[in-house]
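Just the one chain here, the form predicted alone, laid out as C-alpha cells.
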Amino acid sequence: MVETLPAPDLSDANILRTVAGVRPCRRGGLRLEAERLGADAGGKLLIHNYGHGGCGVTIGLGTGDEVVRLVREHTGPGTPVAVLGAGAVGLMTALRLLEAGHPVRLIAEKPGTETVSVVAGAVWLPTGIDFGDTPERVAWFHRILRRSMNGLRALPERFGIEELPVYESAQTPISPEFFDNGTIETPTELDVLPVGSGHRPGRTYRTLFMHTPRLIQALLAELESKGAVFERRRIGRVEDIGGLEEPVAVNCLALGSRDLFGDSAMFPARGILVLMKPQKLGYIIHDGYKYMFPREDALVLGGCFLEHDERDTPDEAICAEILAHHRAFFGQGAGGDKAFA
C-alpha cells in the first residue's frame, strides 16, 4: 500500500495574498564576462553577471565564483569592487568577493528585502535559462551548477536551505538537462503518487529548497558582518559607473541591463503566486507548470511564465486558475466566495 502524505488545506480562509514577480531572462543564457568601458566611463573594468532567468537563487553562488575568477584575472588581490544590484545574485556575488578578500560596496536602487528575489519560491532547478549551444558552453554551465549546489549545501542552517522531495505527475514534461549535470538524482518513476487525488502515476526526486525571505536576510547579515558597505542609489547611465571610486564594478542589475547596456537579448517573464497560510508539509508538488512550495512564511502556489510581460502586479483570473488547479489536484472543492473572480 502506498503511504499517503498529508494534503494542504487550500480553503479560502487560508489565502493570505497574491504576488507577482518578473524573471530577468536572456536569449543565449548568462552574460558573464569582463569588458573595459570607454573613456566616458573612466575606462572602468566592468564584469557582467546577469541573465539568470528563473534561477538566480539556484546558480547565484556559482556565478559569483566566476566573478571572483574574472576579477583575479584582470586585477590584483584585495582590489575593491562595487557590486551593482542587491537581488539574490548581487548578494551572493558580494559574499563570494568578500570571502576572496575583496572589499565590497553594494549599490542598488532597492534593498535586498524589496527585490523580486524575496518573492521567489525557490526550488533548486535551473529553469528559465539557456544552458548553451556548444558542448564547451554546456560544460561550463554544468560546472556553475555543481559549484552552486555545493555552495548552498555548505551554508549554515540560518540561511534557510533544506532538502525536500519533489513529486511530479506523469503528464509533467521532464527536462533531462536538469538531471545530467551531477547535481540532482535522476527521478524515480512511481505507479501511484503518495499525494493528490485519483491515484495518478508520476515520479519523484530530491532537491534543495530555499526559504528566500530567510535566505536574503541571512545574506544581508553575513555581508554586513564581513564589512560590506551598502549604498541606496540608482545607476541610470554607464557614465555613473565611471564615477565610482572602486576600480572594478560588477553588473548584477538583471533586467536593468537591457536598457543600461542596450542588451536586446534580455526579456521579462512575469510569474504570479497565490500565498496561503504556512503549512508544514515537507514536500513539493510540480504538476505541469503548476507548483506548490511549503515556504516557512507561506504555502506558495504557482505558477506561470508570461514572456515579455514585465508588470509586477498579479492577475485575478490567473490567480483563480492557479488555485483551482491545485484544488483539483488534491481533490478539494472550489472553496467559498472569497476566491478570485
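The numbering used is simple: start at 1 and walk along the sequence shown. Just so it is clear, the model here is predicted, and its values are computed rather than measured.
Quick note: we don't show the form predicted in complex with a small molecule, though the next part is all about it.
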**Request:** Using heavy atoms only and a 4.5 Å cut-off, determine which of 149, 244, 235, 71 is in contact with the small molecule in the predicted bound form.
**Result:** 235
**Request:** Using heavy atoms only and a 4.5 Å cut-off, determine which of 215, 249, 86, 195 is in contact with the small molecule in the predicted bound form.
**Result:** 86
**Fill in**
Testing 133-141, 251-259, 95-103, 184-192 against the small molecule in the predicted bound form with a 4.5 Å heavy atom criterion leaves exactly one stretch, namely 251-259
**Request:** Report yes if any heavy atom of residue 29 sits within 4.5 Å of a heavy atom of the small molecule in the predicted bound form; otherwise report no.
**Result:** no
**Message:** Does any part of residue 314 reach within 4.5 Å of the small molecule in the predicted bound form? Heavy atoms only, please.
**Reply:** no
**Item:** Exercise: residue 55 in contact with the small molecule in the predicted bound form, heavy atom 4.5 Å
**Value:** yes
**Prompt:** Does at least one non-hydrogen atom of residue 271 fall within 4.5 angstroms of the small molecule in the predicted bound form?
**Reply:** yes
